[in-house]
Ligand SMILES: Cc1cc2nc3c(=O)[nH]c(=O)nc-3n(C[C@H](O)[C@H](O)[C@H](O)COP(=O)(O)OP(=O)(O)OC[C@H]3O[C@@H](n4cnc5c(N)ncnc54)[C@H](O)[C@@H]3O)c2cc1C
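Taking the form predicted on its own, here's one chain by itself in structure tokens.
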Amino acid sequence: MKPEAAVVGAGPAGILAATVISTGGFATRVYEEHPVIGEPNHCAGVLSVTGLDKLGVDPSDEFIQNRVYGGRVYAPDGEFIEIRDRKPRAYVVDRARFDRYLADAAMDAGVEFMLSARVDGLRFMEGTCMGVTVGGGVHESWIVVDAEGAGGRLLSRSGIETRQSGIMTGYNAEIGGVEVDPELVEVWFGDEFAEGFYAWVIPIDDSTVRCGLGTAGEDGYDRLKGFVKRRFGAAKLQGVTAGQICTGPPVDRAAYSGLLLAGDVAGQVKATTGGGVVVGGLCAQLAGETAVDALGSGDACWGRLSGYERRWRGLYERELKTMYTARRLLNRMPDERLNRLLAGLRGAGLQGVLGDLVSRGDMDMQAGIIREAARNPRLLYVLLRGVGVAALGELVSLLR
């Protein structure tokens, strides 16, 4: 049977969009290029407690591996500040199991999944997307949701350039037999191993971690080995995977006639961390609601679908652009300045202030934390010394 809606990609964004459309009463098919949903797993796998709640996903031991209460942020010289809350702030999840958990709920809602089905292109007729091509065959639909992931391969093949920027490669591995605090995530800055981003240590339990980093270079695997050696000494990397990380701003356009973009392909990602499950999922649900409205009216032209642009941008674009500006400021800071910034925060005894900000803030919508930090006289003084007047002013201007 011809689906009324075709969704490209069985990541969280694609699955959540498909679930909304199918729940709305329309036949929905998801096309996934891999034979198993959630594999290969490219994600570091940290999701905020509040983020899952916003998505309407119940926390389950089917995919939750650990609960973390805060983190340590390391300067390039190895000094760190620690921020710890009294309650869990995030879940460490097995992303493969998480994706399959979402897919099971989607199938219960009537969504059809086609696995090992790599979409070759989007099918346009007179300027309107009317389906996809798979293996050279045409699969028609009334509307398409593109949740293919970063880069927009299908869009580019159709002559649509989203000009998405800030895409780099992330590497992940699991390491056992180490000693860590199971309640704290570690974030490490330093051009030596994570130029343009950072490295991470995510505890699965008190002796097993998920360790990784992001880099714009081609030597990410060697950098990861170097970081692991620095952090843990001799340690064996298991199950190394690589995937794309988005650290750029949202794309200029996410709605076309017959076509909606959702998730990483639309740049609906926290540029500060590269995390896109929550905000991308929220936008994908809005895309699903827009698709239901369009299918119900029998009109999937751009004028009808443009409401999606207004909704997701009105809710999240400012947040995403603020986080992108913060990412740009971090990228422009040399290691020595980062060392001074963290030393200034430690020396001024501001770890408690930062902890209070984080405990009251939103991990997924970080503009509020940045705004409060910029209003705190003690923090502002340290930030001005570390970041500079011009750079900090650029960030604060977005918060007004």
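All residue numbers refer to positions in the sequence shown, first residue = 1. Computed from a prediction, not measured in an experiment: that's the story for all the values here.
This protein has a second form, the form predicted in complex with this ligand, left out of what is shown; the following refers to that one.
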| property | result |
| --- | --- |
| Answer range among 177-185, 75-83, 310-318, 115-123 for contact with this ligand, defined in the predicted complex as heavy atoms within 4.5 Å | 115-123 |
| Any non-hydrogen atom of Gly263 within 4.5 angstroms of this ligand in the predicted complex | yes |
| Non-hydrogen atom contact Ala17 with this ligand in the predicted complex at 4.5 angstroms | no |
| Interface membership of Arg95, this ligand in the predicted complex, 4.5 Å heavy atom rule | yes |
| This ligand contact in the predicted complex: Ile21, any heavy atom under 4.5 Å | no |
| Position in contact with this ligand when the complex is considered in the predicted complex, options Gly190, Pro249, Pro203, Gly274, heavy atoms within 4.5 Å | Gly274 |
| Heavy atom within 4.5 Å of this ligand in the predicted complex - residue from Thr215, Asn172, Thr325, Gln285 | Asn172 |
| Interface residues of 22-61 toward this ligand, as seen in the predicted complex [heavy atoms, 4.5 Å] | Tyr31, Glu32, Glu33, His34, His42, Cys43, Ala44, Gly45, Val46, Leu47 |
